[in-house]
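The chain below stands alone and is given in structure tokens; this is the form predicted alone.
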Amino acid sequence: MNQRSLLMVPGPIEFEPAVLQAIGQPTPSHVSPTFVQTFGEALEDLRQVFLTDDGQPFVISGSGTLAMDIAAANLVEPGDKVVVVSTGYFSERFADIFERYGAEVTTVRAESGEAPAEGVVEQALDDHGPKLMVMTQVDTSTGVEVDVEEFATLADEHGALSVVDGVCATAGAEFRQSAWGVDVCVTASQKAIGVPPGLALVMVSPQAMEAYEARSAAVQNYYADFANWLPIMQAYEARRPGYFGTPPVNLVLALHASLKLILEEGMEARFRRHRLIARAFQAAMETLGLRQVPHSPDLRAATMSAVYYPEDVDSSLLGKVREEGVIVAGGLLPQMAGRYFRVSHMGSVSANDILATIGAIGRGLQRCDYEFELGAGLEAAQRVLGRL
């Protein structure tokens, strides 16, 4: 029997046994009393994970891209101005989505591995006076994490709603929706939320709901329209069944189980664990002499890392790491896809998982004839992990 590999790609991640057990239950009716109770609890628990008291959660069958589409479809009308803070592939995708709905999009870019400077973003807000400012907390293509609090504050000062793509961040990287004044955060189930792929998750502030209600035209996406889903979310939270489209009941059962585990750990402890494990992995890569895509340590994400192959090593490293029992991902950013690889450290990832990953990368590098001090990466990681 083949040994199971450790999945360390930036989504889908490894899932807790309790979550897999929940998804494997016999499928209940979406209007059964037990399911109604479970869905209602999951909606309430989502607020605690997003750290908001008054956000409106939406749980809809679909991917993270659908969550992005939901935000754009409901919040912009043709001619509305949007500023997008771009840090990679998924920031650019969000810009494309807004343009599809007729928004006038200004994209503020920086060199790959950097985030746009605060002053440059502020100038774009001054120049364009947008309805929305959009950012990706952690862009999965680059591993760059932006300062959401700083940018959300800028948006508020300029009268713009702030929209955050938290697909590769929520429930791992520090995020405080109410305290930071974020109006909309979108994410998906298969990353730090810790549920198999298939759920688009959106949390909407009262201010963003007011902006939606003030629209002058109908939402140009029937499936994504808040008007169709809001009564359903409200019904389940009030412990009543509702119907617009059949919910993915087993995924909701899994979501309920995962949120309970997340909240049992506690958000503060979870933020700290993610940051320490990230620092351990990133310290190991530095010690091995591998450069990282983010240009400075303060831009490196808490949930994943993007690492350049060393000179004279190519993407064949991925196969060698897989043979050592760990699966990592290749690069995604088109202009440099063959020059780097990506590693997840989010969700239920443990110190042992990250040490196993570092060890597998080290053995893979050895087999590529890359010269380094054996064990040095693991020692560097363990020094950081000693603070867990």
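Source: prediction; values computed, not measured. Numbering starts at 1 and follows the sequence shown.
What comes next is about the form predicted in complex with a small molecule, which does not appear here.
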| property | result |
| --- | --- |
| Among 204 to 212, 98 to 106, 134 to 142, 119 to 127, the region lying within 4.5 Å of the small molecule in the model of the complex by heavy atom distance | 134 to 142 |
| Option touching the small molecule, based on a heavy atom within 4.5 Å in the model of the complex, out of Q190, T287, S86, Q292 | Q190 |
| One residue of T65, S348, Q37, Q48 in contact with the small molecule, assessed in the model of the complex (non-hydrogen atom, 4.5 angstroms) | T65 |
| Site test, F90, R93 and V167 vs the small molecule in the model of the complex, non-hydrogen atom cutoff 4.5 Å | yes |
